[in-house]
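This document contains two forms of one protein chain, each encoded as C-alpha cells and listed individually as structure 1 and structure 2.
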Structure 1
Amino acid sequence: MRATLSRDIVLGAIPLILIAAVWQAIVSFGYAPAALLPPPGAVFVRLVHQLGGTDFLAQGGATLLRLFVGFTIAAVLGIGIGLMAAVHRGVDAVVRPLVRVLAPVPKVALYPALLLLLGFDHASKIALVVADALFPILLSTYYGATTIEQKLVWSALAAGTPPHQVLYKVVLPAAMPSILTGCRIALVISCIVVFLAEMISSTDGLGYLLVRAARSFQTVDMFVPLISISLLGLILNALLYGARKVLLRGFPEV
C-alpha cells in the first residue's frame, strides 16, 4: 500500500516537474523572450510578493465574495428546487422542461443581458455565477432524490415520521452524496465563471488584474492571477472534499 502510494506520487510529480523544467529551459536558453514567457521563478516570486500586499488581497477578496455569494445562492436554489421537483409532480412538470431548455444554453452569452439588467457591479457577476452553478447542483439533487431507495422513506413513515418531514429527514440526507458531487462541479464552474466575468467587464477582481496586465503586456502579472484562481479553486475543492468526508462518513465510498 505504502509502496504504491509513493510510486503514485513520484509518477504524478513527473509531468508537473517536467512542465516547470521545460518552461524554465525555454526561457533560460533564450527560445522565448521573457516578455512573452516569464520564467516560472519570477511568477512565483511575484505571487508571493503580491500576497503580502493589500491591493492584491483586496482584488482577490472581491473575487472571493462574488464566488461565495453566487455559489451559496445557487446551492440553496438548486437543492431546494431539485428536492421539490423530485417529490412533487406539479413542480416536476414545470421544472423538468425548463431545465432541459436552460441547462444547455451557454450562460456566458447571457452576461450582456445581466449587465444591462443588473449593472456593472457585483450583482451581474454574482447572477452569472448563480446561472452557471445552479444547474449542476439542481440536476444532481434531482437525480439523487429521485433514485433514493423507496424503502428508506417507507421505513421512516412507518416509524411515525410525518409525511411533510420526510423531505428533510430522509430525502435530503439520502441524496447528500449526489448533491455534494453536484456542488463540487458547481464550485469549479463558479471559479471559472467569476474570473471570466471579471475579465469581460470589471474594475476589480482577479480577472480584471489579468486583463489590466495584458493591456500593458506585463506577462508576469498575467500569470499571477491565473495561478491564483487555480490555487483558489484547488483550496476550495479541498475544503469541500473535507466537508464531504465528514458529512458522508456513513455512506459507502462514492
Structure 2
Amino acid sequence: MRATLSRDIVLGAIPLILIAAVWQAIVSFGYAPAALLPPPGAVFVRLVHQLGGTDFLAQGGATLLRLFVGFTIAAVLGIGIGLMAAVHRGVDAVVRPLVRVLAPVPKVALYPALLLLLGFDHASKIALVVADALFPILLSTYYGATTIEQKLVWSALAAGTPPHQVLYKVVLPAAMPSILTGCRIALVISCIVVFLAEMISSTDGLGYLLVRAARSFQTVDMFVPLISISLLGLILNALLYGARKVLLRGFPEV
C-alpha cells in the first residue's frame, strides 16, 4: 500500500519537474527575457515569502471562500437533481431538455449579467462557480443512478426496504463512484472559474493579485497567484481522491 502510494507520488512529480526544467531552460538560454518570464526559483521563493504575509493569506482566503461555497451549492443541487431525474420520469422530462440546452453554453458569458444582478462582491463569483460546476456533478449523478443494476433495487424491495428509502439506501450508494468522479471534475472547473472571475472584476482574491501585479509590471508577483491556484487545485484534488478511496472502500473500481 505504502509502496504504491510512494510510486504514485514519484510518477506524479515527474511531469511537474519536467515543466520546471523546461521553464528554467527557456530563461537560461535566453529564449525569453527574465523580465517577462522570471525563473521558477525566483517565483517559488517569492511564493514562500508571501505565504508568511497576512495580505496574501487574506486574498487566498477570499478565493477559498468563493470556491467552497460555490462548489458545495453545486454539489447539493447536482446530486439532488440528478437523483430525482434518474428515478422520476416527470423530473427527467423537465431536466433533460434544460441540460441539453444549457450544458454547452460557456458560463463565463453569463458573468456580465451576474455582475449586474448580484454585484461585484462574493455573490456573482459564487453564482458563476455554481453554474459551471453544476453540470458535471448533475450528469455524473444521473449517469451513475441510471446505470445501476436493477437487481439491487428489486433485492432491496424484496428485503422489505420501503420504496421511498430505496433512493438514498440503494441508488445513492451505488451511484457514488460516478458522483465522486463528477465532483473531482467540477472541483477543477471551480478553481479555474473562480480565478477567472476574480481577474475580470474583483478587489480581492488570487485572480485580483495577478491583475494587480500585471498593472505594475511585477512579473514575479504575476506568477505567484498562478502557481498558488495550481497548488490549491492539486491539494484539493488529492484530498477528494483520498476521500473517494475511503468512501468507496470495497468497490472494485478503487
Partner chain sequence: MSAVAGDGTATARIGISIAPFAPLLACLGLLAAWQIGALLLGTDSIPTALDALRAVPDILGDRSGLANILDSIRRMAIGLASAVVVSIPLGLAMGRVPAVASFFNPILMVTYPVPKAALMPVIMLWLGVGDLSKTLVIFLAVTLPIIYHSFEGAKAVEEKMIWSGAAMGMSRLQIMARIVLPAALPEILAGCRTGLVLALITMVTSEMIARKSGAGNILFNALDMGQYDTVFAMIIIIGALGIIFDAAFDRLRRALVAWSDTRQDIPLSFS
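Owing to the predicted nature of the structure, the values given are computational and were not obtained by experimental measurement. If you superpose the two forms and keep the largest set of C-alpha atoms that fall within 1.5 Å, you have the rigid core. Quick note, the numbers are simply positions in structure 1, starting from 1.
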| item | value |
| --- | --- |
| Displayed copy of the chain that is the form predicted on its own | 2 |
| Threshold 2 Å Cα movement between the two structures at I17, rigid core reference | yes |
